[in-house]
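Here you get one chain, nothing else, as structure tokens; it is the form predicted on its own.
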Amino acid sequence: MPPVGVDRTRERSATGRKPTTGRVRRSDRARDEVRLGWMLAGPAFVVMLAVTLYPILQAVFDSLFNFRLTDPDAREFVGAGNYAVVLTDAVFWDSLWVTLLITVVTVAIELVLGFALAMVMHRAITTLRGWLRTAILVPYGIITVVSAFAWFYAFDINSGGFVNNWFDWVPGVDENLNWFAAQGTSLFVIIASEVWKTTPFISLLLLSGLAQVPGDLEEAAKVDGATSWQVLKRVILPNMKAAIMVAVLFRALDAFRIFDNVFIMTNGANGTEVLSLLAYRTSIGRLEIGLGSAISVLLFLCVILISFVAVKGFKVDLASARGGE
């Protein structure tokens, strides 16, 4: 195939006009796609900004004042004083550690289980796929508060929880075990409920990634003698990189903002307090609006940091992954 520049030169000499290069045509298409994207997503983007930007700015503003809701007239500007108080408090760092522990363990378990479920749904017989996806999605369709109460009553010995009787054959489990009396067992129940509730969500995201893996590449690898593990490692996972990043990012952000399960099961007792619950206790329980706003702003900054680390860590260009230029 001759070079593009040679063809364009010939075209210009024949017509006497400057030819339209392939690069210009791609740029026009890219501009059209950008314009269409803004037309479709622009209204939703503006509404989202209007809904989310105001509370964020209000929280940043309130965090700069020593402000108690019981005495609003005594509001005093303290600058970064509330942040200094929060960042030097051991309770904040304990809550941050518990939140990170729940986030990391939950996302790691859900990623493995979600990928296994996605493989099952992807390989299932066509007639069974609909039923299988419906069955797997049932936990995700249940309201978080309802599932939290269900798990609480299942493990709570004071309300007749059945788990101790069903699993008394497991070492360390007997009918007198109080799961919510210690940090380790409490976090185990909280993490288990999170995994049960949201693994279907991450499996759906990974299933969409599996659907994008070219089947001919898998067949070619098998023909070349690759094992199942080599096909998974060399073909499937690299082609699912964008879907894995989206799944991990979405679930990490969601798990980092955990509130319902902890509030219902332990109410933050026995070292299970998370950042969202700490902000709630400070703002609503103690009516310390300034300190509570400072914790909320720090929580928001942590969410931004997680997003930045995930995007940079996976090194995925979503713009090119969609098949555009």
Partner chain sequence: MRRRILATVTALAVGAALAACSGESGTPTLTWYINPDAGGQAAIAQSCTEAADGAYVIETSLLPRDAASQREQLARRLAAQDGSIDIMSLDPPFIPELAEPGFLAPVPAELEALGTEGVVQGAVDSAMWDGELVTIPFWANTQLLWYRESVAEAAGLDMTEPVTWDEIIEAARSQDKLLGVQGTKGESLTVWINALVASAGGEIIANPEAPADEVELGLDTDAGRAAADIIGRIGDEGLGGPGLPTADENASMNLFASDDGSFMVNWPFVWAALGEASPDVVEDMGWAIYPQVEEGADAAPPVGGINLGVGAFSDDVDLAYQAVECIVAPENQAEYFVTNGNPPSSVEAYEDPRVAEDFPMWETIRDSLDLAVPRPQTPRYNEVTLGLQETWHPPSAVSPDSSPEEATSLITAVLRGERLL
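All of these numbers come straight from a predicted model, not from anything done at the bench. Numbering follows the first chain given and starts at 1.
The next section is about a form of this same protein that is not shown, the form predicted in complex with its partner chain.
Peer 1: Can you say which of 32-40, 254-262, 64-72, 45-53 gets within 4.5 Å of its partner chain in the predicted complex, counting heavy atoms only?
Peer 2: Going by heavy atoms within 4.5 Å, the stretch is 64-72.
Peer 1: Is Leu287 a contact residue for its partner chain in the predicted complex, using a 4.5 Å heavy atom cut-off?
Peer 2: Yes, contact at 4.5 Å.
Peer 1: At the 4.5 Å heavy atom threshold, is Phe92 in contact with its partner chain in the predicted complex?
Peer 2: It does: once its partner chain is placed as it appears in the predicted complex, Phe92 has a heavy atom within 4.5 Å of it.
Peer 1: Quick one: is Leu291 in contact with its partner chain in the predicted complex, heavy atoms, 4.5 Å cut-off?
Peer 2: Heavy-atom contact with its partner chain at 4.5 Å: present for Leu291.
Peer 1: May I ask you to check whether Ala192 falls inside a 4.5 Å heavy atom distance of its partner chain in the predicted complex?
Peer 2: Taking the distances in the predicted complex, the answer for Ala192 is no, it never comes within 4.5 Å of its partner chain.
Peer 1: Which residue, Ser208, Thr144, Asn239, Asn178, has a heavy atom that falls within 4.5 Å of its partner chain in the predicted complex?
Peer 2: Among Ser208, Thr144, Asn239, Asn178, a heavy atom within 4.5 Å of its partner chain in the predicted complex occurs only for Asn178.
Peer 1: Pick from Val86, Val248, Ile102, Ala148: which has a non-hydrogen atom within 4.5 Å of its partner chain in the predicted complex?
Peer 2: After the contact test, the surviving option is Val86.
Peer 1: Using a 4.5 Å cut-off on heavy atoms, which residues of 136-158 contact its partner chain in the predicted complex?
Peer 2: Residues within 4.5 Å: Asp156, Ile157, Asn158.
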